[in-house]
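Given next, in structure tokens, is a single chain: the form predicted on its own.
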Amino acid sequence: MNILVLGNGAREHALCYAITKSQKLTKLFCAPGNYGISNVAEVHNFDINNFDMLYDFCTEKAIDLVVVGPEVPLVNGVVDFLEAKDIKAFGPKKVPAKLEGSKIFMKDICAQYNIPTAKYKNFIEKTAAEAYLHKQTLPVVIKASGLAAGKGVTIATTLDEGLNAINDIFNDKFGSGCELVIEEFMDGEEASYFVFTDGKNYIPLSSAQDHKRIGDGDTGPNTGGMGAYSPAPVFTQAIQDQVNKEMIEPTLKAMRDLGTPYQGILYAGVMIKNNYAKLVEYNVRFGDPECQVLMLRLRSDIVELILGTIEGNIHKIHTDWNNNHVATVVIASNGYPGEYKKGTIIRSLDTAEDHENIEIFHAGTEFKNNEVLAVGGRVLSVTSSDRDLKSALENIYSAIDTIDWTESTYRKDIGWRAIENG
């Protein structure tokens, strides 16, 4: 099969890494891609949200399958578009993609189908949101309803923080016409859980745990994700059974009831406290950086799994996992998630990649004048598989020490919860 992966992040690099191991692959393409991806796939830089341009490319290259990495094309209906052109595409259609595209849609599904989640109230008007906030016990969580690249969430511990967050959302910081949700604050330990589904049946993937904050000790602003590890010890079999029964299955039923079955990967972010999970959010694609650790653990043919979601036979496919522990540490441009300098030079990547049990997945990189340049916020995802989490992390930090890139930042405490808890 000729396969096209859409996206340009470390998640897409990891997907390309896994797809290259498939017996079904004839030729792999990626758009718009990045320098790291160009080493495993033929990269073409065009606007993947221009669906007519995408279709022309698929026709020219005889693409059999499109694997959609990021959320924006999914929310915009790329799967609906491609399927109408008789091109197989991996991911949910436009309506079920609203589970990520609209937090209001997602929370209302939770209310209708008794899915455990934080208490909430939706707002489409600033004054009403501010009046509600004044009556709440802090902290509360304030979320932009639409897509915000992982940055539209504020945990307001003071009234001023909450009012500023409301003001930002209604002043279009996260997109025009944005609405918001105010939720009760849930404490506990967060985990990421993924299932492949064909709309009716589903099979679980392994769990993972992400680190959202920029700073060690989970301090500073939220980011798209600064590191992850898999499996997540907090996500026990009992928790998985509860999440399947009380979240995944009702959600798939809800989508069928709407007449638009959910097909693709469904990612539930959950908060676990006292051995019980509540839904934080749904994502309609692989997480980043969770995808990196999952792809390093997955032994099964990912293309077979993808086709199972499209063709309606996912329940017949067996998944096989490496029993090792996998971790990844994201190296970002200094200043991220705020302003950062673009075009800084990264040296000695080859030395880092030569370390045993190391895979480096690229995000914001390009190759120019014989130099690897950092052109994005999150730039590299240094990943390792080993017998235990501590060993995997030791491999990663040893490799990072050999990378010569002074204008960078990364967390030095990835996996601290799992290691602290033994």
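Position 1 is the first residue in the sequence shown; the rest follow in order. Computed from a predicted structure; not experimentally measured.
Although not depicted, the form predicted together with adenosine monophosphate is the subject of the following passage.
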Next item on the list: Could you work out which of Ile203, Ile239, Ile155, Ile104 is the residue within 4.5 angstroms of adenosine monophosphate in the model of the complex, going by heavy atoms?
Entry: Ile155
Next item on the list: Have a look at Asp80, Glu130, Asp168, Glu281 for me and say which one sits with a heavy atom within 4.5 Å of adenosine monophosphate in the model of the complex.
Entry: Glu281
Item checked: Which of 346-354, 323-331, 139-147, 305-313 sits within 4.5 Å of adenosine monophosphate in the model of the complex, heavy atom basis -> 139-147
Check: Does Tyr340 reach adenosine monophosphate in the model of the complex if we count a contact as any heavy atom within 4.5 Å?
Finding: no
Notebook entry, point to check: Can you check whether Ala118 is within 4.5 Å of adenosine monophosphate in the model of the complex, heavy atom basis?
Noted result: yes
Checklist line | Heavy atom of Lys126 within 4.5 Å of adenosine monophosphate in the model of the complex | finding: no
Note to self: Although the partner isn't part of this model, could you tell me whether Lys212 comes within 4.5 Å of adenosine monophosphate in the model of the complex, counting any heavy atom of the residue?
What the structure shows: yes
